[in-house]
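The chain below stands alone, shown as structure tokens; this is the form predicted on its own.
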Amino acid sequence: MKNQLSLYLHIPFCRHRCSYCDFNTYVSLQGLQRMYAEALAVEIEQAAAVDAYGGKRPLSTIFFGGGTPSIMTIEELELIFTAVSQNFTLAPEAEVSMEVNPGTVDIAYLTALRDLGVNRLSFGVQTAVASELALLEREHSFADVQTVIAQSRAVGFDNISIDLIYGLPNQTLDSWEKSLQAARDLELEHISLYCLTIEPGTPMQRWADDGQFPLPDPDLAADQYLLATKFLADAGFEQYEISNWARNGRVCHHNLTYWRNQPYVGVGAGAHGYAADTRYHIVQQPRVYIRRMKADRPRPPFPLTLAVAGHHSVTRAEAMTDTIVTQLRLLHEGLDLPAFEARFGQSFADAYPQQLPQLLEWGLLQMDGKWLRLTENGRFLSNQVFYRLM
């Protein structure tokens, strides 16, 4: 199917806000869930529109993120899925992912998710060490993780991912390796690793400012990342992106849409989207979002909806930067140099006559035929590479 899109749906509700979280989430608004699902169904209809030939736009991936999507009832999710199927065409092999917090679902719920069409689960595990879970204020134990993954397998899920965080205060190489060992033993298809960033306004930032724990050590975090790359390679995982590893080719196709700088529709409070050369973001507050979707006003042109808080047309310079920064994150693909020149009418070497020779000389980038890729050292210093190409 040509001109496929990806669809991101944001669910902003949580039972508890973790100490490190700065996402658009709310812990006291569960009473709005049904109205939110109804508003989301309306926005899905507005965001879909029709293609140039008057037909439904095709979707290759769907991703429910949050927040905690698994806090929604099956009836609420069914309402959302119905809206998707009525307004988009879903490719037969489409990847349909949902973020799930351990401890929020049971086997009946997981069975219902499968029946709805979810075929990939992403669990927010973060660590297998109890003291680190407490620091992050996660509500689950690692035993909960083991239970929910076993239940997921029992009902037929064969594409499961987890997130882990390194660079935590007081986290050691040994404790990090324990989390990696525990993750390996789960026999997963996919693992994402993220270095902790202490975000402004979070409880963790206040604790750090009060001196309750030492700030994370960037050198130790680099050692933890290096340990993980070797450990996961030995465990049969292939690193295909700076922060992501897959086994047996089970990459996250939805996230590949972002990394290839391809179009996607974002719906729901706080979501972002990029389609028709337009980047946009949705209002953040769920109550405001619901009111907007009830408004009796003409819908704006694709890909915008009545919930859009801001948007702008992507300039050529922005498109170049976006393409470079996202595609270089892909370690095997990298940046397609002929495609770059065809899209922008200028070779990469001509666009960056000083930066490219310098980054090649420093050993942070390498050229292999038509591809430009980060070196192993470039992965550790990727932000510096991107900064010089912006």
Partner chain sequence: MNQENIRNFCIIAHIDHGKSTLADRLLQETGTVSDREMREQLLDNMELEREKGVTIKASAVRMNYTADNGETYEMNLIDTPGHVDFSYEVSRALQSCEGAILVVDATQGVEAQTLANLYLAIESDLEIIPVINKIDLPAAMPDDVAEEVESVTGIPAEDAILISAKTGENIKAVLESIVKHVPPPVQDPNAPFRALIFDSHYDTYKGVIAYVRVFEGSMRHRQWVRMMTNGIEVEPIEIGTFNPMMQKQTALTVGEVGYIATGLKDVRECRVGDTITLKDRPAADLLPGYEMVKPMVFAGFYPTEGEDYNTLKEALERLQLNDAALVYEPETSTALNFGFRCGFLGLFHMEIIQERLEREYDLDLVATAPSVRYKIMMAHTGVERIIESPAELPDPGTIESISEPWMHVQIFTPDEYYGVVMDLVIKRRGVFTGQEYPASGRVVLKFDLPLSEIIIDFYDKLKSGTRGYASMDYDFEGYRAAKLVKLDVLVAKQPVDALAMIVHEDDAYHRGQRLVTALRKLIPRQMFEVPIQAAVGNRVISRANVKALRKDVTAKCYGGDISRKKKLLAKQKKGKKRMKMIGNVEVPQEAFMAVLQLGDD
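Note that this is a predicted model, so its numbers are computed, not measured. Numbering follows the first chain given and starts at 1.
Below: the form predicted in complex with its partner chain, not depicted.
- Judged against its partner chain in the model of the complex with a 4.5 angstroms heavy atom cut-off, the residues G65, D219 and Y258 are in contact without exception.
- Between the options S19, S382, T375, T25, the residue in contact with its partner chain in the model of the complex by a heavy atom within 4.5 angstroms is S382.
- Checked against its partner chain in the model of the complex, the residues A150, L226, A309, L215 give one hit for a heavy atom within 4.5 Å, which is L226.
- The stretch among 336 to 344, 38 to 46, 25 to 33, 320 to 328 whose residues place heavy atoms within 4.5 Å of its partner chain in the model of the complex is 320 to 328.
- In the model of the complex, R316 stays away from its partner chain, with no heavy atom inside 4.5 Å.
- Contact check for Y194: a non-hydrogen atom falls within 4.5 Å of its partner chain in the model of the complex.
- Within 4.5 Å of some heavy atom of its partner chain in the model of the complex lies at least one heavy atom of S243.
- Although the partner is absent here, E199 is a contact residue: one of its heavy atoms lies within 4.5 angstroms of its partner chain in the model of the complex.
- Along 361 to 379, these residues reach a heavy atom to within 4.5 Å of its partner chain in the model of the complex: W362, L364, R379.
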